[in-house]
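Only one chain is included here, represented as structure tokens and corresponding to the form predicted on its own.
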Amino acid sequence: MTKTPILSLAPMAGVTDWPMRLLCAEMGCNYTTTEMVSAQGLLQAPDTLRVYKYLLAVHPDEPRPRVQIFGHRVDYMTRAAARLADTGLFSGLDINMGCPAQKIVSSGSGSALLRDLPLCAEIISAVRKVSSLPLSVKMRLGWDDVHLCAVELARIAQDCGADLLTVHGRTRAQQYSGKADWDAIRQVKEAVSIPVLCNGDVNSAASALKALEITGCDGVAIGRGALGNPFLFREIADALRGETPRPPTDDEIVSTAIRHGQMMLEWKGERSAVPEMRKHLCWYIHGRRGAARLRTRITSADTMREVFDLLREFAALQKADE
């Protein structure tokens, strides 16, 4: 394990844009990655297409993220990697070989690549040749329990020039069900000499410490555990220092959610920011008193001001219950 474990925000479509990355970085996350970017889409889209403008946006105050690309054609992957590297916006390149979404898999990308290791090797080698930026690969344990390939793919990735691996401890067939297999991730870690991040079921400071102990990994990559909870990185950092983790107060949750919304509003404007922020705001209040009732009202709010008023109402409700 590296001296200071890596605390990574795992890439999530529709989630890990710059406001989310910035908030997590401020809480102690020291490794972030963009939402996944289609190599083919990037190359074929008009330069004026707003979706890629948003996907590739990096805020000057955030540590430079890695950019994640997905695809299955070597030519598209290399050309997209070269273009993204040339922007100077990103600290590294990450290849997605683990996304289980049917839309991605049906195109031959994401987890579908786990069924074609020679193609994986070709893609990684080709991308390595077009850029000197650090190169990482995100993968799963395999296609299903019968076809496990993480150890073999990890060795291939290392031999082809990858600098770091992120391993989700489930197969594609599992999607996000069942438990992440940390013992299987340990086998990957023991098979290679490059850093490996453990991904899956890290949702608390205690689970992060346990994952690091079991896997021997160089850090953890947190996806769903960070939804509405950038504070998790602070709690894990506290625990790693041997200190008592500092959970957020209700006031901190509300003020952070409002700040998140304000950043989205200033960046994308109300028409786009309000519908995108609804899910984030529901995640922020999840599991707290009155959350179910407030969630219904948030999902029907039309303006960010309405949403902020509801959050302040929520804060007042928490204080009344103390």
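Residue indices: 1-based, along the sequence shown. Only a predicted model underlies this, so the values are computations on that prediction, with no experimental measurement involved.
Keep in mind that the form predicted in complex with a small molecule is missing from the display, and what follows is about it.
In the predicted bound form, the small molecule lies within 4.5 Å of some heavy atom of Ala221. Mapping the unseen interface onto this chain, Ala13 counts among the residues with a heavy atom inside 4.5 Å of the small molecule in the predicted bound form. The closest non-hydrogen atom of Met36 lies within 4.5 Å of the small molecule in the predicted bound form.
Contact check for Asp201: a heavy atom falls within 4.5 Å of the small molecule in the predicted bound form.
Residues with any non-hydrogen atom within 4.5 angstroms of the small molecule in the predicted bound form fall in just one of 247 to 255, 223 to 231, 153 to 161, 85 to 93: 223 to 231.
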